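What follows is one chain in structure tokens, specifically the form predicted alone.
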């Protein structure tokens, strides 16, 4: 293991003091066993799958139930053994309901028992397993890993993103603490899939237990070249886990505007993605479950290992339910998540776990009111993408897509830093994201003209 000298990215903030993560970071992952799951055939917009099972059909856990139909889609698999209870549309999306009809056998996780030598796998075999196993980026985007790692670009570095800088969320931290070998095995397999020279495990310095666990697992790993795998400890700063920010912090390279990490010889994957890669190749287990943090205003904050398609309502109930009726329910962390309910009492369904569901956070209601911009420039100082959000805010409110483009609004990463620091309480992130979509629509129109 090697520790490197610290280097930061531009901008960024410290939105929390650590008490948020302390709610769940020290608690072991709990197994969640639902009686039924609802698996979306379009887990992210524009990533549709076609059901390949019928109502009443018996299925086993890991059996393919959805064939990809779009470029950004990945195969879907049954997360429970049981019976297909229905194929129904909800809000324009088809869901496959599976009712558990038998005792679910425990998973045999050889991938988590110790670090292994990935030398027996070749690149084509790994990419095929990623495709068939439905592996996607589990940090939020949900893009198919087989497509990402099938790039023809020359890659020298794979970054394993364990920063988890989003407040409240600790699902990746607990994974690295409890299954460090699986994370390392997955990282090495991704390195081979990319034909890269090295892999760097990247964590923030507020996760000492995860650092120790990975350190111990690396010490017990088979002999590797010194530069093949290393551990990089970064100072805690949001949004350290942003793809471009992490690349700049660790390698010093800047991804060009409109470019991809592969353009600078780097690929980035989340720690949970690495664990899923190890599971599909070493255990023969497709992506059928993930760890979800349920925290904030609940009675028993916890991380759950939940089957894909689990009910969000049932997960909140398993965490003891809301402590107060006055709340906002955020799907994801408070900075980048989206509000899916207000004043939630636990009586209604909120949705279902997908491969990218990292957390459910119950927060106190916001009490801020917008006032006129005072041109203080705090948003520009905090923006990790180097934008001037207050100018983009005005351009978006005026509906001026061309000006939004000249202000590089399409480079916004929707991290929320600008809104967080704004003393006027302006919804800068919402308008900057809106401006980003205006610019992208304008570019599509010009391309299709």
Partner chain sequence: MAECAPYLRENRSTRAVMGEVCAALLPALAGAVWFFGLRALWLTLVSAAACVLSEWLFQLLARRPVTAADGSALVTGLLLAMSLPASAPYWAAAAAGVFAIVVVKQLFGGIGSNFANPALMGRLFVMTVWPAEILQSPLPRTLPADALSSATVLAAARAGEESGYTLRQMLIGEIPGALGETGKLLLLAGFGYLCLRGIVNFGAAAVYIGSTAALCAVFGPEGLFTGDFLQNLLGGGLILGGCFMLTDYPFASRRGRLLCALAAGTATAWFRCFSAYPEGVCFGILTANCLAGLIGLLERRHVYGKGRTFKFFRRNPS
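Positions refer to the first chain, counted from 1. Because the structure is a prediction, the values reported are computed rather than measured.
Not pictured, yet referred to below: the form predicted in complex with its partner chain.
Peer 1: Is its partner chain in the model of the complex close enough to 79, 151 and 196 that every residue in that trio has a heavy atom within 4.5 angstroms of it?
Peer 2: Checked in the model of the complex: no contact with its partner chain for any of the three.
Peer 1: Please identify the residue among 129, 116, 255, 112 with any heavy atom within 4.5 Å of its partner chain in the model of the complex.
Peer 2: Contact with its partner chain in the model of the complex is made by 255 alone.
Peer 1: May I ask you to state whether residue 43 is within 4.5 Å of its partner chain in the model of the complex, using heavy atom distances?
Peer 2: No, residue 43 sits far enough from its partner chain in the model of the complex that none of its heavy atoms falls within 4.5 Å.
Peer 1: Looking at the partner-bound form in the model of the complex, is residue 399 within 4.5 Å of its partner chain by any heavy atom?
Peer 2: No, residue 399 stays farther than 4.5 Å from its partner chain in the model of the complex.
Peer 1: State yes or no: in the model of the complex, is some non-hydrogen atom of residue 215 no more than 4.5 angstroms from a non-hydrogen atom of its partner chain?
Peer 2: No, residue 215 stays farther than 4.5 Å from its partner chain in the model of the complex.
Peer 1: Check residue 176 for me: does it contact its partner chain in the model of the complex (non-hydrogen atoms, 4.5 angstroms)?
Peer 2: No, residue 176 is distant from the partner.
Peer 1: Given a 4.5 Å cut-off on heavy atoms, tell me which of 289-297, 227-235, 328-336, 157-165 is the interface stretch with its partner chain in the model of the complex.
Peer 2: Stretch with heavy atoms near the partner: 328-336.
Peer 1: Select from 386-424 the residues with a non-hydrogen atom within 4.5 Å of its partner chain in the model of the complex and write them out in sequence order.
Peer 2: Contacts from 386-424: 386, 387, 388, 390, 391, 406, 407, 408, 410, 411, 416, 419, 420, 421, 422, 423, 424.
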